[in-house]
Every structure is written in C-alpha cells, then in structure tokens.
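First, one chain by itself: the form predicted on its own, in structure tokens.
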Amino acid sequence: MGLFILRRTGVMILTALCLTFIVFFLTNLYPNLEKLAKTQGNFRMTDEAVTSWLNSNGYGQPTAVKYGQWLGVLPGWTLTTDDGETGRCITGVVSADEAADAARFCGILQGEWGFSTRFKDDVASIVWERLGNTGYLMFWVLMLMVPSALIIGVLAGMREGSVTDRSLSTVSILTTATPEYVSGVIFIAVFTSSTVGLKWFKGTATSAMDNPTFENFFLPVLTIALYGMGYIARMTRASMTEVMTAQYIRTARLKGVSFHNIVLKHALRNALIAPFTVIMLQFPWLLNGVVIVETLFNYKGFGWILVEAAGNNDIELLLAISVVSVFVVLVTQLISDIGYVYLNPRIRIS
C-alpha cells in the first residue's frame, strides 16, 4: 500500500505540473496580457506602450521562465529604474540595498500567490475566504445529497422491477436531467416570488455568508443536491441490483435468512463499493460545478470568484483557482482509489 501511495503521489505531482502549465500558458497568451496592460494602464495605449508595460511588470519574459518564477523554482524578476529597484519579490520601488535583502524566490511553493487586479488584494486571502464559503455550502449539500441518494438507490435496488423501483428511478432520472440553472430558477420563481405567493425563502444567499439560516441558505443547497442526488442514486441502485442477484444472496435466502438481514448484513456493504467512488467524485464537481448556483443566488464563494476572475482577466487569481482545483481533484481521486481497495478486499495492487 505504501508503494502504491508513493507511486500515485508521483503521478499526481507530474499531472499537477502539466495541468497548471497548460492553464498558465493559456492565461499568458499575448491577447490576455495586452488586455491586462490596457486594463491596468490605459485602453488607448499603443503597441509600444503595451510592450513597455509588460516588460516592466515581468510579463515580457519567456513563458517557461515566467512559469518557473510563478511556481517558485526560479528567482523572481527584477527591474532597475531611475527611482530604484522593483521586481516580483519586491513590494513597490526600493533602494538597491533593500532589494538585495529581499527574497529571491517568491512563488506558489513559498506561499506567494500574487496580487489580484480585480479585488486589489492578496490572492491567497481571497481564495481561502471564498473557499471557506463554498466549503460550508458543500458540507450541507453532502449532508443532504449523500444519505438521500443512498436511501433512494438502496430502496430501488432491493426489489428490481417493483413499483418502488420504477418510481424512485424516475425521480432520480428527472433530478439528474434537470440542470441547476433550470431548477434554481424554478425554485426562485415558486418559493421566493410574490407573484406565486409562496415567499418561503429568500431569492439570494448573500446574507448567508455572514448569518446562514434555513430561509436564505436552503434553496442553493437544495438546487445543488438535487442534481447530484439522482446520479448517485442511479449508481447505487445498479450496484444494489447486481448484488441482490449474486449467488451468496440466493444462498442466504435458501437458508431462511430474513430479507432485512440479507440487505443490511450481506448486500449493503458490497453494494456501496461503486457509489463510494461516485461520491468522492462529487467533491471536485461541487467545488467547480457550483459556479452557476453561486452566481444565480449571489453567493460569493469559490465559483463566484472564478467567474469574476475570468470576466476581469485576473490572471493571478485564475492561476490560484486552477491550483486549488487541480489539488482537490487529484487528492479526491487518490482517496477514492485507497478507499476502493479497503472496501473490496478482492482488489490487489500490482
């Protein structure tokens, strides 16, 4: 197991480097850099002025060098001006002596995430604050989605072809087939609009960031949970159906074991192996798939800053978001693989 984890960790690091380099390359294409220069400077800047601004801010270097500096494995760029020296690792313009005392490496590995041109603040503080908001939303979504989906899937798969199976399967298909932006708009129109009259909830979740209540927080949680619930329920139902037709289940029935004990003691554990992987895959989906819901309900979480960063060409913030997203995806995949091995003893690591 130790060798397996070590090998997978090495693959994760290599994958993370490849993915972050692709994002870095795309965000640092010249049209994006030109837009950034004109946004921070003047929209009427000439091409020479744009080139001068990019060179004076470290964007004129080769992509590989910039990536190494952003990662923190290459020394940060420096620029000598008439007023003093400035650079990636230097705040403002300082004297030559102060510049010599400054750190040479200041990238992701050193905890330096950069400065947001959209929010005019340190990228790390923005990301962690918004990630905390989304983490709180994800927690309650999982609390609602996972138990409900497992119960629906188990009940549907216990007796294949029954009325209960067909009814619950239909509900699961409907929830999965309805995108969040459709169900969210329907919920807002029905439960928050004065036209219909059911003003049970608030149509915005902005106040939930400071004081979450059932009134201002339940609708976004329900909107996300319903979409993911159907997929997990269908996977659980398929796995439960397969297990209930296994030979050892038939043997238990012939021995006179009660149906209740067959389900709980024999079928349930094996039926949850496949849904476990699906549940782990919900974490990266929840982290990046809540963009629509957070925008729809004006909940300023991780998905919301992704939209803001992309819409305002905030390169440093986009890169930080990509790092967090890649990390969450790879770690959840590793946990899923390890958990799968423990749940199914028949699997051997070669």
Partner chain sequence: MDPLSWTGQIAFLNPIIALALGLLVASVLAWVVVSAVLPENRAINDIGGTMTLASGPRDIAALAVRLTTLGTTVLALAYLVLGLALGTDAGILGAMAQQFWPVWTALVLLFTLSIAFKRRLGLYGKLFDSPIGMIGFALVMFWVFTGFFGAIDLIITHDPLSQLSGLKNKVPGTPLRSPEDGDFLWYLLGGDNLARDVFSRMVKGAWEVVKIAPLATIFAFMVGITLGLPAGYFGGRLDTFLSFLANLILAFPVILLFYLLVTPEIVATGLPQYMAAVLFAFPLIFFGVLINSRYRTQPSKNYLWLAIVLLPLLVAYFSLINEDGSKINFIPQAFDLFDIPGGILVVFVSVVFVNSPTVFRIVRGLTMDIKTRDYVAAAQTRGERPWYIMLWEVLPNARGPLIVDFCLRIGYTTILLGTLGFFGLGLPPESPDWGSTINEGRKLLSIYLHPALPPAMALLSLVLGLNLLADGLREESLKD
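Numbering follows the first chain given and starts at 1. None of these values were measured; they are calculated from a predicted model.
One more form of this protein exists, namely the form predicted in complex with its partner chain; it is left out here, but the text below deals with it.
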Worksheet item: Any chance Ala267, Ala274 and Thr332 all have a heavy atom within 4.5 Å of its partner chain in the model of the complex?
Response: no
Item to complete: Mind telling me which stretch in 74-82, 107-115, 226-234, 207-215 gets its heavy atoms within 4.5 Å of its partner chain in the model of the complex?
Response: 226-234
Practice prompt. Tell me, out of Val65, Val291, Leu54, Met45, which residue has a non-hydrogen atom within 4.5 angstroms of its partner chain in the model of the complex.
Written response: Val291
Practice prompt. State the residue from Met143, Val163, Ala100, Leu254 whose non-hydrogen atoms include one within 4.5 Å of its partner chain in the model of the complex.
Written response: Val163
Worksheet entry | its partner chain contact at Lys38 in the model of the complex, heavy atom, 4.5 Å | no
Discussion item. Just checking whether Ser325 would be counted as a contact of its partner chain in the model of the complex - the rule being heavy atoms within 4.5 angstroms.
Written reply: yes
Worksheet entry | Contact label in the model of the complex: Ser148 to its partner chain, heavy atom within 4.5 Å | no
Worksheet item: Can Asn32 be called a contact residue for its partner chain in the model of the complex at 4.5 Å between heavy atoms?
Response: yes
Discussion item. Do any residues of 2-37 have a non-hydrogen atom within 4.5 angstroms of its partner chain in the model of the complex? If so, which ones, in sequence order?
Written reply: Val11, Leu14, Thr15, Cys18, Leu19, Ile22, Val23, Leu26, Thr27, Leu29, Pro31, Asn32, Lys35
